[in-house]
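The chain below stands alone, shown as structure tokens; this is the form predicted on its own.
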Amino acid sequence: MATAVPVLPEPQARALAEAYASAVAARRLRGLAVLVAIVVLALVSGYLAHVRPLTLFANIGNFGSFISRTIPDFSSGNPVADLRAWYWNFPGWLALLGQTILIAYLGTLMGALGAVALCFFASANIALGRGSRIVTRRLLEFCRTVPDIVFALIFVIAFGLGPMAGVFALAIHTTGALGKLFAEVVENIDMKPVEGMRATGASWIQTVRYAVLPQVAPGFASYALLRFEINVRGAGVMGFVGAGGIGQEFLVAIRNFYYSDVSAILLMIIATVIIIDMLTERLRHRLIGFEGAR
């Protein structure tokens, strides 16, 4: 059955078309203005930061030369012996790499526990009051704003050389970073269970335990695993200030121009990060119910 398509009067149709064209033009103009602002800021930032593309192109060969010197020579006659000579200190480096992973694990665990303890006070929908929320958020900002390498240097000065300084530095920085993420997860929960618990006269702790925590636990675990992966890379640098791990050995190799040792240690760190990334990714997908992980 055919139906007639209503036709607007010419003046009304023209007015609607002009309004649509005007809205589209205004939207394109705003987009162009944003793009111009981004380009201008990029150029100004590059100028003030002394980013010189011509200098980069002129010296790019030095970078390639350094990389080529870190690659050892392999002979076709006995490559196994060359590989052993390349990784001459493999047991020692492996032990230091294991120490780096343990530093990252303990720092992540302590930081995640601290973030869980503080995130509920920093969330807008669960916090006990505006004052506690402001104080907690400023504390988390301080913890994540100061670089972890600076915390590590402070703890090395206070407690001496060793992995303990690295653990505390990562724990503080992780508390600040995860605290913000956890608070945002809490702010996105379904408030109906919370309102139901409050209606029954439950205390704040009971409300958090039975109405909030079950909703946010998978997200908390997912972010904590992601942070562990990041902290493994961070712990690899802690040795630069004497906070334990393989970073100190890596720094010694760089300073003494042991080029083959630099590439050997760097490849071990890269392989470790890749393996941890693959494992934590599968765990995160299972926790959040991602279908592709099954």
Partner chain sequence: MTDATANPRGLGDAARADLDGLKQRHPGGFRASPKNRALAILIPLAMLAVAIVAMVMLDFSLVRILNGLSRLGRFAVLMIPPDPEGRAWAFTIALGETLGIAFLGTLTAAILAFPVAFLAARNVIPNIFVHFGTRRTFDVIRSVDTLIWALMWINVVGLGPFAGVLAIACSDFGSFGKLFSEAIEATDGKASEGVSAAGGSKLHQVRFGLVPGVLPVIASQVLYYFESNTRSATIIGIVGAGGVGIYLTELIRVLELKQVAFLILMILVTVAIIDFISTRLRMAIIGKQKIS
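This structure is a prediction, so every number in the text was calculated from the model and none was measured. Positions refer to the first chain, counted from 1. The term rigid core refers to the most C-alpha atoms you can superpose between the two forms while keeping them within 1.5 Å.
One more form of this protein should be noted, the form predicted together with the partner chain, which is absent from this view; the next part is about it.
Using a 4.5 angstroms threshold between heavy atoms, residue 120 stays clear of the partner chain in the predicted complex. The partner chain in the predicted complex comes within 4.5 Å of a heavy atom belonging to residue 46.
Although the partner is absent here, residue 125 is not a contact residue: none of its heavy atoms lies within 4.5 angstroms of the partner chain in the predicted complex. Put simply, residue 167 is close to the partner chain in the predicted complex: some heavy atom of it is within 4.5 Å. Using a 4.5 Å heavy atom cutoff, none of 182, 210 and 226 lies near the partner chain in the predicted complex. Annotated contact segment (heavy atom within 4.5 Å of the partner chain in the predicted complex): 148-156, selected among 127-135, 202-210, 81-89, 148-156. Only one of 94, 71, 217, 161 comes within 4.5 Å of the partner chain in the predicted complex through a heavy atom, and that residue is 161. Contact residues in stretch 82-104 (any heavy atom within 4.5 Å of the partner chain, taken in the predicted complex) are 99, 102, 103.
The Cα shift for residue 267 between the shown form and the other one, taken after rigid core superposition, is smaller than 2 angstroms.
The Cα position of residue 255 differs by less than 2 Å between the shown form and the other one after fitting on the rigid core. Look at residue 55 and residue 256: in the predicted complex their Cα atoms come 3 Å or more closer than in this form.
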